[in-house]
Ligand code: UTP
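Only one chain is given next, in structure tokens, and it is the form predicted alone.
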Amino acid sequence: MSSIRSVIIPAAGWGTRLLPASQSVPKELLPIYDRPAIEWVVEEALASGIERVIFISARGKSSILDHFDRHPLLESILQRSGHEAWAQRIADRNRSADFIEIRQGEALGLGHAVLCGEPCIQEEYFAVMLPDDLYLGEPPALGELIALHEEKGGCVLGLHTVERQQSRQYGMVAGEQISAHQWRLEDMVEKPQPEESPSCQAITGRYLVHRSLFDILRSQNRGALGEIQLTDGLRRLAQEGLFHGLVPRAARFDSGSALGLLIASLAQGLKSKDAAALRHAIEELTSS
């Protein structure tokens, strides 16, 4: 059994990078091949031993929680029409974890979104997963963070390597490189200029943190746009205790952009029963 049982998934954003597709459908429900993007994220969490999934949502986004709820009418229709396996999948998905929705009443930043989940966290350590960072493949990315925590203790951040010129797009970390995929973190900087970046390791949307982060977020000064910045809180946490960084082995995709969504869909399609037909279609499209 995993020592980490709860995950907070902030999903209250407007999804402006995916407009107009996200205008009336939450971006988290846009498809990656044959299922919504958020389902791939939750499947990673479940494969990592998570038992409680806490969605931080907003007005108009309750359909995310609806997706993981039972649907008696649809299940009945599927059963009567000979699609018992699909009906069972809906029921099994609902029973796979405890799914909770908390509304973020005001858009006060990612740190505030995480803070909204505090009432549902009962353990000393918990996970945070940002759905725009999609990991597909084995082993599950969050599971690797949990394994490192169980081996060495402390908090763990997911990292990915970027070109130094891209540092102004990410939170970047400073610390000691332990191996090709592992770091001992000392500090982090939000979107530095390339010449000021302490490394080429960027923070990605997987976090395993101690609940003391809540107290830090609650008391810290607000940053740009009057928002509670998660990176500021993580920085203080890293300065106060043991903090690791890990580059997961699974493939990472940016499902918060139209191109990233398409690339992730193609990647999954090429692993599916439709792979041959998809390759044929790609060959036809690229040769015309």
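A residue's number is simply how far along the shown sequence it sits, counting from 1. Computed from a predicted model, the values in this text were never measured in an experiment.
A second form of this protein, the form predicted in complex with the named molecule, is not displayed here; the remarks below concern that form.
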item	value
Which of 168-176, 69-77, 131-139, 208-216 sits within 4.5 Å of the named molecule in the predicted complex, heavy atom basis	131-139
Touches the named molecule in the predicted complex: residue 157 (any heavy atom, 4.5 Å)	no
Residue 269: touches the named molecule in the predicted complex, heavy atom cutoff 4.5 angstroms	no
The named molecule contact in the predicted complex: residue 203, any heavy atom under 4.5 Å	no
Partner proximity in the predicted complex: residue 107 to the named molecule, non-hydrogen atom cutoff 4.5 Å	yes
Candidate spot 10, 17 and 113, all three touching the named molecule in the predicted complex (heavy atom, 4.5 Å)	yes
